[in-house]
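Shown below, as structure tokens, is a lone chain in the form predicted alone; questions about how it binds or moves come after it.
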Amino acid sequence: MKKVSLSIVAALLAAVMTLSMTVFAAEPAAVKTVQEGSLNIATNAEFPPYEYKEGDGFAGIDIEIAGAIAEQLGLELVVNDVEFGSIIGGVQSGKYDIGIAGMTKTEERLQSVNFSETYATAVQVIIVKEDSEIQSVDDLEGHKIGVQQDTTGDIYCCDDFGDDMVTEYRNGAEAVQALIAGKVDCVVIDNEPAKSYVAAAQGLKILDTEYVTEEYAICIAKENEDLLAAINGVIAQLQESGALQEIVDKYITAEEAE
């Protein structure tokens, strides 16, 4: 039997260790989730084009971003359609892994959950009837305002115009129906859903003025910092590769964004 020199053995061991480290580094980050092997998300599927029902499933910008995150982490996506106002509580209590629903990072919400890096920018706009006397944000004083409950539009309007002038609805569609019925004078909601609602109705328009500009992010339980880091990593990859913009462009054309 031939003898093998110690130098050759050392070299072979070093090569094996290097290969092992390379393979390990290429594996998806190990993260803790509510259900092993799955990424349970909470959303409110009444907010097109970010999330909405399509047949027996779900579609939208947020749904596809969540799907990309799940795929990169080697997890199966599980979508839970819930009331918007219950999302943060559900994530905080450990019922869901993340909340992704056109949600804005605010100081108040940060007291309950963490947020990922921003993945989209949104604008709060005003929907009115075509013959409305409301022409700008300055005209909202003294008018009845419809909003989706627990959204930033709800918060901003209550702060700016008083709780007694704001009527909360379960979702944006109900708020718009209230406007059509004359129960409110306008609706304050995010720009992209506003376009969908106005396109589906007659006699409504979006004012050519912005109320508030804000940024969307994903909420995650404070104790799950590994998942937060992993999601931020995937968002960065999606942005760098252009995949995130491709998802947005699929639902929002350049003409619509103007």
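Bear in mind the structure is a predicted one, so any value in this text is a computation, not a measurement. All residue numbers are counted from 1 along the displayed sequence.
This protein has a second form, the form predicted together with a small molecule, left out of what is shown; the following refers to that one.
Inset, instruction - Please check if residue 109 has a heavy atom lying within 4.5 Å of any heavy atom of the small molecule in the model of the complex. - result: Result yes; residue 109 sits at the interface with the small molecule in the model of the complex.
Inset, instruction - Decide whether residue 84 counts as a contact residue for the small molecule in the model of the complex under a heavy atom distance cut-off of 4.5 Å. - result: Residue 84 belongs to the contact set for the small molecule.
Inset, instruction - Indicate whether the small molecule has at least one heavy atom within 4.5 Å of a heavy atom of residue 103 in the model of the complex. - result: Looking in the model of the complex, residue contacts with the small molecule include residue 103, since a heavy atom lies within 4.5 Å.
Inset, instruction - Indicate whether the small molecule has at least one heavy atom within 4.5 Å of a heavy atom of residue 116 in the model of the complex. - result: Residue-level check for residue 116: no, no contact with the small molecule.
Inset, instruction - Would you point out which of 31 to 39, 63 to 71, 44 to 52, 229 to 237 contains residues with a non-hydrogen atom within 4.5 Å of the small molecule in the model of the complex? - result: Of the stretches listed, the one contacting the partner is 44 to 52.
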